[in-house]
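In structure tokens, the next block holds one chain alone, the form predicted on its own.
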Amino acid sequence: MAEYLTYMGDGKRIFCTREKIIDDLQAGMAEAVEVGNVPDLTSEELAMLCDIVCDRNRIVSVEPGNEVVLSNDGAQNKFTGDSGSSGCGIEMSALAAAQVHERALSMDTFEFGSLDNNYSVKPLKAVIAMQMQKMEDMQNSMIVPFFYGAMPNMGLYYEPDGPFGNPPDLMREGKIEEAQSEMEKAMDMMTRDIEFMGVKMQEAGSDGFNFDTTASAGDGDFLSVLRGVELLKKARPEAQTMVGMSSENVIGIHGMLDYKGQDVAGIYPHDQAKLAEMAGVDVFGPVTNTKSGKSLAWNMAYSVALIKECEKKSNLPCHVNMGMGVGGIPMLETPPAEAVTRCSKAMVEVAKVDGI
């Protein structure tokens, strides 16, 4: 019986029969339907996914005319960063890295962010003048839409890095209300910081702001970004905003937060996109997290089922996050191209996303 080269979610190479791949696709879809309350994929869509996984070619792609827009986060760091951050360790400036992406790799958009300051909103305040100068210099040399990017990273607002008590520590001590209060204080500060950073970068010529890995610190993190986008849009209506999530499910650390009457904790991509639209977000980046103990086929069907519903329900362009450990792609610093291209093709041709 014929077997096909594929992968596990941790990157291990395996060989599976077509029947096993079909079983894994159905199981992954079933999991997405159960946890996300989304519809089943059709038999035709499952057949398309099976053909993508079983394609004997090493690299696969979409049919001509199905190409989508490419956006990114921390992009220049993919060249200049070390292997621990999936970089190549090449000695080059951020501007040179941006120009290579634009002129050699044909990126449709680009983003500038600083790993020197943890690629996060809070520490960037101290070096805002230098970041503004870099943005202005880059804008004078670039043609594609050029964003500034950072993670909200609410964890940096808690002790020992920030001024507020750490909610998980407080909850372990049984201090639930105090934990919620400290989170709310951190939310207020992060919201103001987002507005400050966004306005300053717009003054330097930025085309907008990319909020990468949103909600990594739970429901308070997500709500702060939504509020921050609102304030930024009021101050600088021309600012384009992209919000990329950290997970398919918003963790309810506070547990009692809402945005304009809609619960924040526990929501999946199609509901996350609705809240992003209400806040004035321009591009939404839904995420699904790869399960390392499941196969590529399982993770692909799980991810496509969730993202397809997000694309269907959202009025915003959906640029699904595809990379190490997200979008069905194995959790490796440098994922195999076979897996990356298969998952990307599935997102474009089955989930019908607007971008990657």
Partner chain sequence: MSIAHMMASGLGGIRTSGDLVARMQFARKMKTPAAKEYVAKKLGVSVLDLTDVYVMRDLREALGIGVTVGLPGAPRGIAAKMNIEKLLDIEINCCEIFRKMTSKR
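Being a predicted model, the structure only gives us computed values, none of them experimental. Positions refer to the first chain, counted from 1.
There is also a form predicted together with the partner chain; it is not shown, and the following applies to it.
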Whether E311, L316 and S344 all lie within 4.5 angstroms of the partner chain in the model of the complex by heavy atom: yes
In the model of the complex, the one of E230, D207, E248, D193 near the partner chain [non-hydrogen atom within 4.5 angstroms]: D207
Proximity to the partner chain in the model of the complex, single hit among D188, D169, D263, E203 (heavy atom within 4.5 Å): E203
Residue contact check: S61 to the partner chain in the model of the complex, 4.5 Å heavy atom: yes
Contact flag, I356 vs the partner chain in the model of the complex, heavy atom cut 4.5 Å: yes
Distance check, G323 to the partner chain in the model of the complex, heavy atom within 4.5 Å: yes
The partner chain contact in the model of the complex: L70, any heavy atom under 4.5 Å: yes
Which of 248-256, 159-167, 278-286, 118-126 sits within 4.5 Å of the partner chain in the model of the complex, heavy atom basis: 278-286
Contacts with the partner chain in the model of the complex, stretch 126-162 (heavy atom within 4.5 Å): Q139, N140, S141, M142, I143, V144, P145, F147
